[in-house]
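Only one chain comes next, encoded as structure tokens, the form predicted alone.
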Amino acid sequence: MQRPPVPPLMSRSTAALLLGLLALVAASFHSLSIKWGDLFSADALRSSAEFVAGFVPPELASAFLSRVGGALLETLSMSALSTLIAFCAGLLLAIPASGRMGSSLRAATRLLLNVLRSIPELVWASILLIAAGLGPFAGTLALAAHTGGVLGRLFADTLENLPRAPEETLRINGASPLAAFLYAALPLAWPQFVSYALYRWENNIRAAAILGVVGAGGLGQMLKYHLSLFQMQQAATVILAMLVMVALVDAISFWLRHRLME
């Protein structure tokens, strides 16, 4: 009996794409002129060790820890509020961006989402600091603007990939477009929406800490201040607070996503 032919591992187009990516990686190494020898030289290792030794021991005075705790809560508030604003804005923009309100409105909304998410948080913060002044308000708006563009695009793609049969069944039976969306499409997409929002909250925790470098408040602003004065022990405490905060939020977000998928 003749054996069936063995299917190829990959198509020619996939193989060509992989070869192109490998060529791009090789060209990147060549164009960046990475000097691994200088990175691991004796002088570099000694200088790095001396710099890291300046962070030990971290500052643990009660007054300073109280200030760090206030900055930590400010960073958490910035990330949570910005994610909530972005979630609401992304959900509203995702409906026209998914094509449910016409092709022309879809293209315009997609363009707006691309603009929002293409501008980095630091650039948004620099722009909004001029309008809103220094402090966490500008940082919150900057995170919300960028995250709104990201979530809006993810939500729109989710809505486009949903099966249309439940929604069309309700429409055939006399339901309005809004009712069909709320009772058929939204319940199917809601777990994915919440999962995306929790993941972006994790990202905004880290981004909120970085935005403080440009004066947007929180732990990042404290870190910039103490590093600029070469107060390494105080900076070490701020860095440890960032690590604890990120680990805690990651654990909470993972638990919530796990419960949601169950």
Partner chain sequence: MIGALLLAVLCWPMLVYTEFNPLTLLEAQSLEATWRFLSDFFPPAHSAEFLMMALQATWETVAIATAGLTLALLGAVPLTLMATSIVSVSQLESGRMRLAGRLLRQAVRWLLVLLRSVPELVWALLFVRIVGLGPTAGVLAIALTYCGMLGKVYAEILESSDGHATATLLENGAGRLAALCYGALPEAAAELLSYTTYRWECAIRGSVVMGFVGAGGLGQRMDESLKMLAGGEVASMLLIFVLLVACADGISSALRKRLG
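Between two forms, the rigid core is the largest collection of C-alphas that superpose within 1.5 Å. Residue numbers count along the first chain shown, from 1. Note that this is a predicted model, so its numbers are computed, not measured.
The same protein has a further form, the form predicted in complex with its partner chain, not shown here; the description that follows concerns it.
Asker: Can you work out whether Ser126 and its partner chain are in contact in the predicted bound form, taking contact to mean some heavy atom pair no more than 4.5 Å apart?
Answerer: The answer is yes: Ser126 has a heavy atom within 4.5 Å of its partner chain.
Asker: Please tell me whether any heavy atom belonging to Gly54 falls inside 4.5 Å of a heavy atom of its partner chain, as the geometry stands in the predicted bound form.
Answerer: Flag for Gly54 set to no.
Asker: Contact between Ser118 and its partner chain in the predicted bound form at 4.5 Å, heavy atoms?
Answerer: Yes.
Asker: State yes or no: in the predicted bound form, is some non-hydrogen atom of Ala63 no more than 4.5 angstroms from a non-hydrogen atom of its partner chain?
Answerer: Outside the cut-off, so no.
Asker: Just give me the single entry in Ala86, Ala180, Leu141, Ala97 that has a non-hydrogen atom within 4.5 angstroms of its partner chain in the predicted bound form.
Answerer: None of the others qualify; the residue that does is Leu141.
Asker: Which one of Leu162, Ala80, Ala184, Leu91 is close to its partner chain in the predicted bound form, taking close to mean a heavy atom within 4.5 Å?
Answerer: For this set of options, the contacting one is Ala80.
Asker: Only one of 154 to 162, 167 to 175, 70 to 78, 100 to 108 has heavy atoms within 4.5 Å of its partner chain in the predicted bound form; I'd like to know which.
Answerer: Going by heavy atoms within 4.5 Å, the stretch is 70 to 78.
Asker: Taking its partner chain in the predicted bound form, which residues along 218 to 232 bring a heavy atom to within 4.5 Å of it?
Answerer: Heavy-atom contacts within 4.5 Å come from Leu223, Lys224, Leu227, Ser228, Phe230.
Asker: So with the core overlaid, does the Cα of Arg46 end up 2 Å or more away between the shown form and the other one?
Answerer: After core superposition, the C-alpha of Arg46 moves 2 Å or more between the shown form and the other one.
Asker: Superposed on the rigid core, does the Cα of His226 end up 2 angstroms or more away between the shown form and the other one?
Answerer: Passes the 2 Å threshold, so yes.
Asker: Please state whether Ala26 has a C-alpha shift of 2 Å or more between the shown form and the other one, with the rigid core used for the fit.
Answerer: Where the cores coincide, Ala26 still shows a C-alpha shift between the shown form and the other one that is 2 Å or more.
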